[in-house]
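As a starting point, one isolated chain is supplied in structure tokens, in the form predicted on its own.
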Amino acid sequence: MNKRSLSYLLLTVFLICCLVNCSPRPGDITIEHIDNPEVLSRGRHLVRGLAACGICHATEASPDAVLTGGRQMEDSYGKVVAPNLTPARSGLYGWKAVDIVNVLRLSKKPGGERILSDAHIGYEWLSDNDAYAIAAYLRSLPPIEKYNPRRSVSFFKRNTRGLFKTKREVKGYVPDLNPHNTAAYGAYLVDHVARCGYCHNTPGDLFNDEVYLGGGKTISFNGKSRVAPAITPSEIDGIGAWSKEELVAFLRTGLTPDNKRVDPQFCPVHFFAQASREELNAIAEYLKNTDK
């Protein structure tokens, strides 16, 4: 090889190395800076829309309510008050975006403290872009001090409840789904953004498996309870008799085809109303056809 050819080869290798090192790789976080308008807009859209963070973390179940926590819920450990999600000292002060994502995906706070994963089931498979957009938006909120009581869980409860639950560990990069692939996108929105199964899955036990979207779970907020209905494609005990248009209308208004109104303090229809038509169509299409 002559000197000229060797020079061209070395230059080519150098340029390739520069491109590899300067280009974002899957899993690299490129949206830590919250001043990116597109990232903040996406985060706001999710938090105030299908992700419905305020159904637990707001003073009331409204997209316009501040996320200072305070609503009382019940999980497998009993009663718990939702914490403050603003970047105040009583909330997420000093948290990086990755810290927020670790709570969503790993149920782990900065410093390694673990929280119960019940309320965040499904979020672990948010796409990287959606997870970090939510984190960026929460970090951009004005800090509002509101100290909510923390519960204490005994060693016995912490180590005996949920023994038969399995937790899926997410490793690596989670890509975005193409909204034009309606079936896959609808499944993503139902299972990992709106997380409909959190309320609507039939709880399993030692002898019975959980039933996907089969209803029957008791949901409690601020001392009041409701039993979540089935939202399977069954025409007998699900929503199979609803048309796709009726289902979209329900998600926007909370009004069923027979003119019954759902309680927005339990079902986050006020949040769903903020979603795009494309998102709601994908959800309706999936719920009407899922056989999972």
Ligand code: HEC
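From a predicted model like this one, the values you see are computed outputs, not experimental measurements. Residue positions are given as counts along the sequence shown, with the first one as 1.
If you look for the form predicted in complex with the ligand, you will not find it shown, but the lines that follow are about it.
*Asks:* 116, 151 and 195 - do all three of these have some heavy atom no more than 4.5 Å from the ligand in the predicted complex?
*Replies:* Verified in the predicted complex; spot residues all in contact, yes.
*Asks:* Considering non-hydrogen atoms and a 4.5 Å limit, does the ligand approach residue 97 in the predicted complex?
*Replies:* Although the ligand is absent here, residue 97 would stay clear of it in the predicted complex, with no heavy atoms inside 4.5 Å.
*Asks:* Looking in the predicted complex, any heavy atom of residue 133 within 4.5 Å of the ligand?
*Replies:* Answer no; every heavy atom of residue 133 is more than 4.5 Å from the ligand in the predicted complex.
*Asks:* Report whether the minimum heavy atom distance between residue 271 and the ligand in the predicted complex is within 4.5 Å.
*Replies:* Looking in the predicted complex, residue contacts with the ligand do not include residue 271, since no heavy atom lies within 4.5 Å.
*Asks:* Does residue 233 make contact with the ligand in the predicted complex, using a 4.5 Å heavy atom cut-off?
*Replies:* Answer no; every heavy atom of residue 233 is more than 4.5 Å from the ligand in the predicted complex.
*Asks:* Counting any non-hydrogen atom inside 4.5 Å, which residue from 249, 66, 239, 61 sits next to the ligand in the predicted complex?
*Replies:* Exactly one listed residue reaches within 4.5 Å, namely 239.
*Asks:* Only one of 122, 215, 87, 83 has a non-hydrogen atom within 4.5 angstroms of the ligand in the predicted complex; which is it?
*Replies:* It is 83.
*Asks:* Taking only heavy atoms into account, state which residues of 43-79 are within 4.5 Å of the ligand in the predicted complex, ordered by sequence.
*Replies:* The stretch 43-79, when checked against the ligand in the predicted complex, contributes 51, 52, 53, 55, 56, 57, 73 at the 4.5 Å heavy-atom cut-off.
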